[in-house]
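Two forms of a single protein chain come next, each set out by itself as structure tokens; they are called structure 1 and structure 2.
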Structure 1
């Protein structure tokens, strides 16, 4: 009986935060549809808006791929090994989450800018300021912790004895990793990748400092808001929300199906 009361209390508390999220998003969408549906249709027909959305999704995807390639190995090491300075490394991984993103953008500019630590030597080959690579590095900086932390939790959930058994049966460490550990931790890695991608899509502060152009959708929404007001920026925001909802519901569904198949 007490357990049921506690569960009911938790459900009510959970509904409160869900209502907060749904109310905020639904109110904007419903307001746009009821007050200016033609504006939403015009926005959906605007090729400039779609180019901005595709640029946002494309650069977020590139940032997620880079985070996956370099972040998953680090997550595995953090999950499997104890060593001096491990806490420091874990803290460094989490820093992008707590640093104000305008500060992150300025820091990235000092590294990847025209006269930056990396930007200057590569100036003849790669341009970061107001260019696609600048957007990618800004998204990568703020989104990487989500993938690393989720993947680390996944690897920690896999019993190391399974790897040891595989090794005793003749499998190399690499084969034990990609045949046993990675598949068992895959859902955590996938969820981390989805969250990393989502964080990259939503990034504004760091991107606007290092690469205002070409405009990703958050920057475009900001520019329309300060230039023309809410009526001009809201339909773009609604369209981006609808696109993101479609993508992330699909990805979450895929993750859920894979988990069901594995179980």
Structure 2
């Protein structure tokens, strides 16, 4: 189309951003494979690495499950009810996106540390600092907004009149929710859970403050980088990103994300 100059320009500018993202990741992976393929193989055979990847996925999964249990009900309330102070609640939900990661770490340490508000009374039952629960708490803090916002969008996209009709047919509010609204919003909830999980896996700043050990992979990468430099940490980074992208693409395909379905 000769008259679509503006669109061509827009596409070109968009390609810069896309190229920046793709190039950055692709270059790392390709550099690793072409320059030091044996290093990658060695890393892939290192059980320490796999243990840390497994720990990362496991803690992220726990964080997502907790976010799901407590976040989905909140998302439903935000989608269906108007009340005074709703804007404030929505602001609070978004706060974790805004909090600098190391600040989140310090804050969580204050609360969940051995002398903290929650950490102290629980000290004889659960240890958070430098322990698995600390990792989960840090991941939960940074990842909830993704789940809640996506689920809220999902519930909003379901016409409340469907619930109304279901209730006239004899369904209680709860039954209308799990028979009608939840199934219809399920895709959004799943997408939210995927993003939330991914965000949990990606976290470093908050986790490293509250729990340097046991080492999740992002921490391991940082530790190797500081101790042995780029060439020692890059194979781990490549391995982790391959694992992440595989999971992300798989789940995204299952959830069947297409923007115009979502909007």
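C-alpha atoms forming the largest set that superposes within 1.5 Å between two forms make up the rigid core. All values derive from a computational prediction rather than experimental measurement. Numbering follows the first chain given and starts at 1.
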Task: Panel number for the form predicted in complex with another copy of the chain - done: 2
- [ ] Using a rigid core alignment, state whether the CA of residue 23 is displaced by 2 Å or more between the two structures.
- [x] no
TODO: Provide the displacement, in Å, of the CA of residue 9 between the two structures, taking the core as the superposition reference.
DONE: 5.2
